[in-house]
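Only one chain comes next, encoded as structure tokens, the form predicted on its own.
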Amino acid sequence: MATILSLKDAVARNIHDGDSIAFEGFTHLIPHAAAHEVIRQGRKDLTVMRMTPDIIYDQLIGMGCVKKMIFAFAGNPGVGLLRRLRDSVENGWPHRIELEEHSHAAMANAYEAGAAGLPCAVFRGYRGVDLPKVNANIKTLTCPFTGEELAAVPSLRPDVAVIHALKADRKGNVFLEGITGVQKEAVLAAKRSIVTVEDIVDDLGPVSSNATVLPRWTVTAVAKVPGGAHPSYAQGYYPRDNAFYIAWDAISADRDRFQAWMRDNVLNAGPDVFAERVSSRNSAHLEPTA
């Protein structure tokens, strides 16, 4: 049953060293503020998963929080590489992480299977590709009814799912709409969940036909963090900050510059900085202070 907490308390109570965590979002509603709080609290040895890891995973990896990443695509969307990820894999800085690479279809099915309480996902896929050669968790099986050869992967059942949403009511029911990716499935598959929201309201009221409502009994903790998806966008609240993604490429390319930015903008900052960034909508905050 959902409890409304501060972001600091939600992370402290629900995310521990060694946990597996899904920070999910797809272009829209990416939980940047929550990931920053995990970094501030110094969590280590995490197994992180996401269909499309981007900047928050670059930051988590560069700050030494991650042991393993399960993913389908990794990059700075619209710009290029995740440079802290690449430095970890190629040079072992700050340490070398383990990778488990899948297709988008495999991960979507694996979250669905996890949400259903199943041990694995079975689907048509991985035909004529090389990923099974480097990922031992990709298996094949024969359908007992048709004889068709199918792909199978372990279900994704993270210890914690972390998402950002538009709003929640005071009972902890959560409202999302727009591009929602696999946020719902990740929450339903997880043992615990943290949902940051733009606002907490008395009543969610009528919802549109494409909306998703996560009832309070599916959610562990809700935290109000206005701007908590920045630099991604939150439909109806703020647009995507494209300048941030472009600037991140240069910031993350250099270890010293990366560490300075993280010190000034994450370690020495708090969740309120996200609301300030959305309000100002300028890129001055991207450069580390002297």
Partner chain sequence: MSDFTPSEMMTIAAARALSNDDVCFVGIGAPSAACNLARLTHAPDITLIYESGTIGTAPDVLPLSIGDGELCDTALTTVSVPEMFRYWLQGGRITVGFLGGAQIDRFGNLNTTVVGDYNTPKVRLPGGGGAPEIAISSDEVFITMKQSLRGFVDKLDFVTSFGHGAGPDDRANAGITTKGPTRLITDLAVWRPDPATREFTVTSLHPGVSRRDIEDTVGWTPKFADSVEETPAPTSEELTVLRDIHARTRAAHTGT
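Just so we're clear, the structure is a prediction, and the values are computed from it rather than from any experiment. Numbering follows the first chain given and starts at 1.
Keep in mind the form predicted in complex with its partner chain is missing from the figure; the text below concerns it.
With respect to its partner chain in the predicted bound form, the three residues 71, 112 and 125 uniformly fall within 4.5 angstroms at the level of their nearest heavy atom.
Put simply, of 224, 67, 240, 40 only one has a heavy atom within 4.5 Å of its partner chain in the predicted bound form, and it is 240. In the predicted bound form, no heavy atom of residue 94 sits within 4.5 Å of its partner chain. With a 4.5 Å cutoff on heavy atoms, residue 258 does not count as touching its partner chain in the predicted bound form; it lies far away. When its partner chain is considered in the predicted bound form, residue 202 lies well away from it, no heavy atom lying within 4.5 Å. Proximity of residue 216 to its partner chain in the predicted bound form falls within the 4.5 Å heavy atom cutoff. Residues of 232 to 266 that come within 4.5 Å of its partner chain in the predicted bound form, judged by any heavy atom, are 233, 235, 240, 242, 243, 245, 246 in sequence order.
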